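Only one chain is given next, in structure tokens, and it is the form predicted on its own.
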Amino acid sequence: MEARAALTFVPEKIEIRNLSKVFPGRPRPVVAVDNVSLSVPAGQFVCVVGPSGCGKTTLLRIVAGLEEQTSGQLEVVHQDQSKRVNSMIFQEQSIFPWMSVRDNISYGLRMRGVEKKTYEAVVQRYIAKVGLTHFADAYPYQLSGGMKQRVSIARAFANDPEILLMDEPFAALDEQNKILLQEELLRIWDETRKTVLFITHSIDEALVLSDRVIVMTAHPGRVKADIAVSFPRPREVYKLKSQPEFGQLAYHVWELLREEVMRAKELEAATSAS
């Protein structure tokens, strides 16, 4: 495992120690995540990359409280009890089809009992931030896929959680919309500095967005490398990608990841043959 680069100390927001997750299965149980240890300081943007089936989403769901680990420890620091500890943005569109854009974004605030005058101002601000001012009263069936994900992002930030958990939120989008939403996310994150744990298959996306990239091994998922991403912020996606240093770091991550992708294919072939 590569040594973690030195970073300025801030309190840990997420602390994972020797965590494993085993699912029942036939003919034998399936080890999804194996002995993972990971610390995420408050305000840091961390991306996790790895081959399909390496347990990235399982790890995220455990942090979200949607799954329980089989062994190991998870500590998530919840400092402000008036806020949600986390909000999760999924790959698939998860907004309510019977609610307008405005009502979808305000949902979490309304459920928390925030005063109408307060939440209306917050919602209007985030509608503007994600460029949906002219669609505030539209319903999901009237929106494109990219616009629906803008609603998901606005809803998560408007709810003001301490931690954002994002599971490949842009994977299903075309390249143009993906770039636009990456830049939107960067802009909003620069203002809020939320703690973010972000799952992606894209090396470029991980390097554009994050302060650190965690590379996972093929099944079962373990931490293979923990790489600091030191490009200055604020970042512009294509300007950053044009820099030689970006290409060099992307190649380094790919070298680490390629070994695991090939191993995952070998394991899949061996399983199919048996």
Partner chain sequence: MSGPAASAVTDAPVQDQRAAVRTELRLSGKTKGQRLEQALSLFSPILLLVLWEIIVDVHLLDRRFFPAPSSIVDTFKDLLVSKELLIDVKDTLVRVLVGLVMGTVPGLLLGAAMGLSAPVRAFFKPMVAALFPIPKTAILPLIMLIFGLGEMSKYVSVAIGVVFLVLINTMAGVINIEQIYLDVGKNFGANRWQFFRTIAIPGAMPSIFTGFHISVNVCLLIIVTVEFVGAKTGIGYLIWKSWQTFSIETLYVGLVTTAFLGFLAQLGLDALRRVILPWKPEPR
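Numbering follows the first chain given and starts at 1. By rigid core we mean the largest C-alpha set that fits within 1.5 Å across both forms. These numbers come from a predicted model, not from an experiment.
Although it is not shown, the form predicted together with the partner chain is what the next lines describe.
For the partner chain in the predicted bound form, the listed stretch (93 to 101, 187 to 195, 119 to 127, 69 to 77) containing residues with heavy atoms inside 4.5 Å is 93 to 101. Although the partner is absent from the chain shown here, none of Thr217, Pro234 and Arg263 has a heavy atom within 4.5 Å of the partner chain in the predicted bound form. Taking non-hydrogen atoms only, Leu240 never approaches the partner chain to within 4.5 angstroms in the predicted bound form. Looking at Lys224, you'd find every heavy atom of it more than 4.5 angstroms from the partner chain in the predicted bound form. Interface membership of Gly65, defined by any non-hydrogen atom within 4.5 Å of the partner chain in the predicted bound form, is confirmed. The partner chain is not drawn, but in the predicted bound form it has a heavy atom within 4.5 Å of Ser52.
Residues of 159 to 197 placing a heavy atom within 4.5 Å of the partner chain in the predicted bound form, in sequence order: Asn159, Glu168, Ala171, Ala172, Leu173, Asp174, Asn177. Annotation for Lys194: C-alpha shift under 2 angstroms between this form and the one not shown, rigid core superposed. Taking 2 Å as the criterion, Glu168 does not count as shifted between this form and the one not shown: its C-alpha moves by less than this amount when the rigid core is aligned.
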